[in-house]
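Here's a solo chain for you in structure tokens, the form predicted alone.
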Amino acid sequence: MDGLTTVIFPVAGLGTRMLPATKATPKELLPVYDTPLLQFALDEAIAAGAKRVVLVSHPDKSAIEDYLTSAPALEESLTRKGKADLLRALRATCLPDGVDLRVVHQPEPLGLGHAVLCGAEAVLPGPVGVILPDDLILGDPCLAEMAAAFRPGEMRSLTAAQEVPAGQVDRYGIFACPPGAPGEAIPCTAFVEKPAIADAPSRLAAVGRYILDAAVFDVLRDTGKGAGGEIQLTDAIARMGGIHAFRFSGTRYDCGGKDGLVEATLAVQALRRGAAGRPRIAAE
């Protein structure tokens, strides 16, 4: 597939794992060194070819929309002071020409599947991408790698995946795949949300990147509550069939927790010091 036209960002969560930092600042705007988490995700979506970004947000998180809005007074001040580098960085927070922004709200925390369904009326035709911004993946743009590997018709879904410790499988969606399957895109026979450790079919776990056939929205409308009493995207993917896991090349950081955010900050700091210019996920 050449690229994705629509990428959904489920950003309605209140970031309780990061309190008190998220009392007034959405977790998606917390900085990783000098760049908000959301910016890394936006760059990745654009690198995958996105023409429309759909934010599934919460009415109390208007700061995310503010971040993506131009700031003429601040731009004028930076221009007047000759701060060209800062001006370029500020303008880069707005979506580039040709990329459309749509914002919808998820007023209640009813699960990731419900969040994706909230974006159904805002997407363009064709497969859709989903990025969870607090799963930061540094390296080659993960969603672009996935788009290159996605085969419409053969695959109904493609989900970024990595091995996790056996004691953590009950925190993730877990794939059942043939052991030692070669290649990046691996066909799977099942996909289970947060299985008990003793029942997990493998240690291959989903992380926050998905490419989904547009049929997922109809499936989600008919998907009841699953693990945690929420509408799980994992359950809808399993019901569609055509399940594939994708072994990505980058390094993933769980920035929904304090330790992961610190580890990611140190990694980005090392990148900043080790390369000239600003090493963004997407080519500038």
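Each residue number is its position in the shown sequence, starting from 1. Just so you know, these numbers come straight off a predicted model, no measurement behind them.
Only in words, not in the display: the form predicted in complex with 1-O-phosphono-alpha-D-glucopyranose, which the text now covers.
Next item on the list: Could you tell me which one of V99, V103, L87, V207 places a heavy atom within 4.5 Å of 1-O-phosphono-alpha-D-glucopyranose in the predicted complex?
Entry: Among V99, V103, L87, V207, a heavy atom within 4.5 Å of 1-O-phosphono-alpha-D-glucopyranose in the predicted complex occurs only for V207.
Note to self: Which residue, L112, I137, C188, L212, is the contact with 1-O-phosphono-alpha-D-glucopyranose in the predicted complex, using a 4.5 Å heavy atom cutoff?
What the structure shows: Result of the distance check: L112.
Item checked: Candidate stretches 170 to 178, 114 to 122, 68 to 76, 143 to 151, one within 4.5 Å of 1-O-phosphono-alpha-D-glucopyranose in the predicted complex by heavy atom -> One stretch meets the cut-off, namely 170 to 178.
Check: If you check in the predicted complex, is R203 within 4.5 Å of 1-O-phosphono-alpha-D-glucopyranose, heavy atoms only?
Finding: Result no; R203 lies far from 1-O-phosphono-alpha-D-glucopyranose in the predicted complex.
Check: Is T234 one of the residues lying within 4.5 Å of 1-O-phosphono-alpha-D-glucopyranose in the predicted complex, judged by heavy atom distances?
Finding: Close contact exists here: in the predicted complex, T234 approaches 1-O-phosphono-alpha-D-glucopyranose to within 4.5 Å, heavy atoms only.
Notebook entry, point to check: K51: heavy atom within 4.5 Å of 1-O-phosphono-alpha-D-glucopyranose in the predicted complex?
Noted result: Output for K51 is no: heavy atoms all beyond 4.5 Å of 1-O-phosphono-alpha-D-glucopyranose.
Check: Just to confirm, R247 within 4.5 Å of 1-O-phosphono-alpha-D-glucopyranose in the predicted complex by heavy atoms?
Finding: Heavy-atom contact with 1-O-phosphono-alpha-D-glucopyranose at 4.5 Å: absent for R247.
Next item on the list: Flag this candidate site as yes only if E28, H58 and C94 all have a heavy atom within 4.5 Å of 1-O-phosphono-alpha-D-glucopyranose in the predicted complex; otherwise mark no.
Entry: So, no: the whole triplet misses 1-O-phosphono-alpha-D-glucopyranose.
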